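Okay, so here's just one chain, in structure tokens, the form predicted alone.
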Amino acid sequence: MKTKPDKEYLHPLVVRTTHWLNFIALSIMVTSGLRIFNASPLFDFHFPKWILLGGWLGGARLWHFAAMWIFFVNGVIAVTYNIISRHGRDTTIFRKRDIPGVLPMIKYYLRIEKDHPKYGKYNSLQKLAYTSTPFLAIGVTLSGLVLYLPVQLQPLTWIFGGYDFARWVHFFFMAAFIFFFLGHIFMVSISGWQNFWSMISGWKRLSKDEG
């Protein structure tokens, strides 16, 4: 790992680029998806127009499916890079040994415990969140393909219980992504500015204890 006297290189360019592309693609998919939802809502409410993208149903679908391909291709690049480079295999993937560290981190984030638990590059709660995202991505992509091409992908449509049930599945997968995003933002804000900046520059300034 690259180091400087007072800094540590955490995030390679590929990781940073795919991270921010995912943020852009997901933002487009969520805001356009909510407009699609409003056209035929699953629940007895509508989302406010100020958070919607697309102008109308047809426009929202164009935005949604365009962002879907960006999200898909970007995900393939990110996964391929991680497999080939083994980036994050030891520091990001949630393992059995990380289970005891989840509750202490929840207590810390909720300010129940004042002392920050010790951890490596990522804490147990972050590892749990990051490890779950590939499964969420697979679920939201496959269910989205059913809604995109339900006739052409009839076997996949059948697996998801038909078009109507796939809409429910797709909605809840996207809701899970939104909760992940909000939790991610919360954990980053708690962790401090240096953690946020490291995902832009790649470098994190070390504290006196770390340097």
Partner chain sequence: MKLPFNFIGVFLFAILLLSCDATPEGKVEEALLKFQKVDDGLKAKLFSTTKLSPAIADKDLTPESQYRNNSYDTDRPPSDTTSNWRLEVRGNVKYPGFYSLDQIKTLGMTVENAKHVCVEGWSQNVKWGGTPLWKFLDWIGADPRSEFIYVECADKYYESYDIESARHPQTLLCYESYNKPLSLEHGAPCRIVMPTKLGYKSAKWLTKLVVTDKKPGGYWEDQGYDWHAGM
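Here, rigid core means the biggest group of C-alpha atoms that superpose within 1.5 Å across both forms. Residue numbers count along the first chain shown, from 1. Being a predicted model, the structure only gives us computed values, none of them experimental.
Not on display, but discussed next: the form predicted in complex with the partner chain.
Asker: Just one of V169, L52, L142, A176 has a heavy atom within 4.5 Å of the partner chain in the predicted bound form. Which one?
Answerer: Comparing distances to the partner chain in the predicted bound form, the residue within 4.5 Å is L52.
Asker: I'd like to know if L156 sits close to the partner chain in the predicted bound form, meaning any non-hydrogen atom pair within 4.5 angstroms.
Answerer: Residue-level check for L156: no, no contact with the partner chain.
Asker: Under a 4.5 Å heavy atom criterion, is F180 part of the interface with the partner chain in the predicted bound form?
Answerer: Flag for F180 set to no.
Asker: Report yes if any heavy atom of S201 sits within 4.5 Å of a heavy atom of the partner chain in the predicted bound form; otherwise report no.
Answerer: Looking in the predicted bound form, residue contacts with the partner chain do not include S201, since no heavy atom lies within 4.5 Å.
Asker: With the partner left out here, check for me: in the predicted bound form, does some heavy atom of W20 sit within 4.5 Å of the partner chain?
Answerer: W20: yes, in contact with the partner chain in the predicted bound form.
Asker: Using a 4.5 Å cut-off on heavy atoms, which residues of 45-66 contact the partner chain in the predicted bound form?
Answerer: Stretch hits, in order: K49, W50, I51, L52, L53, G54, G55, W56, L57, G58, G59, R61, L62, W63, F65, A66.
Asker: Quick one: core overlaid, is Y108 moving 2 Å or more at the Cα between this form and the one not shown?
Answerer: After core superposition, the C-alpha of Y108 moves 2 Å or more between this form and the one not shown.
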